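A single chain comes next, written as structure tokens; it is the form predicted alone.
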């Protein structure tokens, strides 16, 4: 155990939930922080629940986030194969070792018998324990019936957790669980222990739900005569309300849905790292390098971590703001009729959009006016004229047009503002700036007139002002 080896071992039974990805991230961070090795292993022994395409989806999800592995099903490695379904002979070998030691036996009972005992225990309000019905004589295992583990000793177990400290559980957590099912496939409880042993895994990072099963695992380590790896428990991820575990009904999504919605992988990694962990510095915006430098399992919290959508949006917007204008357009898959104007409005998008999906919606919504000449409503155009001021809007627009003609091409919003504001202050800001903005945008909501003029450019601005004056 001189070198740190961690692993992520998901089941290919559907989409990648944020909880699973958070576990992968923490295991990867710990391995990288300590100069160790990170392994990707696929636990595909539950064929009834396996979803086609899930393995490729797992790999794509991790790669999108920037989590890479040293050994895995797609790249191989010294401990191949990395699909549990390809390791059945290995599990049988270790099952026979347990039988030889007297720690495993074939289950002679039918499912109906076991269910009857289960119902009886429920009626008597006591936990169902299979070991209370253990057969007195053990038959020879033919490989066709389920093989059960025979708990060597019923006792209280205590273990150290790198994140939670000392944990313990008693006899109620120990039972004769199934090692290999009737279909020949191992259960998780058995297979992962064999795999971790052979793949030389030193540190197991996993969710809080595995605490109650740990005594079973410790009992199996003892039966096999192998050293325990180190354990590190991650807190559960709670929904927005912070009252229950995040689930599909609470908005839990496939991790790649966030990619489609326009989240950056750097932001997603940053956010996931803060779900149950915090750096000593207290910083909230953390790069991959920051995380690798500061990650420490001892700073993982015990209490549930609330999935705060607003915090994720904030972090994503901060990461989007770090991009150059060209990268923003490229990574956001943004397009418009006038590419040169698109680059100019990136500062607007950076200020307002929290995801690239929002940025795209803005381009087709309130910012559409920057790429298409508007259709004007004369009532809205003259909407700021007060009583006795009929006709003043036309004069104001003509004055603004004259001021714009004096601007140099490419003037930025501040330069435009410096030219227009003295006139607006003299005549009334609403009376001047409203019709100017509406004449250029044709919308009741749009960027300010100075930004509009800067983005549209001198020539297009004059054309739109002229069109509005002609209507009047």
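Owing to the predicted nature of the structure, the values given are computational and were not obtained by experimental measurement. Positions refer to the first chain, counted from 1.
There is also a form predicted together with glutamic acid; it is not shown, and the following applies to it.
J.: May I ask you to check whether residue 456 falls inside a 4.5 Å heavy atom distance of glutamic acid in the predicted bound form?
T.: Output for residue 456 is no: heavy atoms all beyond 4.5 Å of glutamic acid.
J.: Residue 145: heavy atom within 4.5 Å of glutamic acid in the predicted bound form?
T.: Answer no; every heavy atom of residue 145 is more than 4.5 Å from glutamic acid in the predicted bound form.
J.: Residue 9 near glutamic acid in the predicted bound form, any heavy atom under 4.5 Å?
T.: Output for residue 9 is yes: heavy atoms within 4.5 Å of glutamic acid.
J.: With the partner left out here, check for me: in the predicted bound form, does some heavy atom of residue 210 sit within 4.5 Å of glutamic acid?
T.: Taking the distances in the predicted bound form, the answer for residue 210 is yes, it comes within 4.5 Å of glutamic acid.
J.: Please state whether all three residues 100, 180 and 190 have a non-hydrogen atom within 4.5 angstroms of glutamic acid in the predicted bound form.
T.: No, the whole trio is out of contact, none within 4.5 Å by any heavy atom.
J.: Among 338, 314, 131, 206, which has at least one heavy atom within 4.5 Å of glutamic acid in the predicted bound form?
T.: It is 206 that has a heavy atom within 4.5 Å of the partner.
J.: Could you tell me which of 198 to 206, 232 to 240, 105 to 113, 330 to 338 sits within 4.5 Å of glutamic acid in the predicted bound form, going by non-hydrogen atoms?
T.: Contact-bearing stretch, as computed: 198 to 206.
J.: Could you pull out the residues of 26 to 45 that have any heavy atom within 4.5 Å of glutamic acid in the predicted bound form?
T.: The one in contact is 43.
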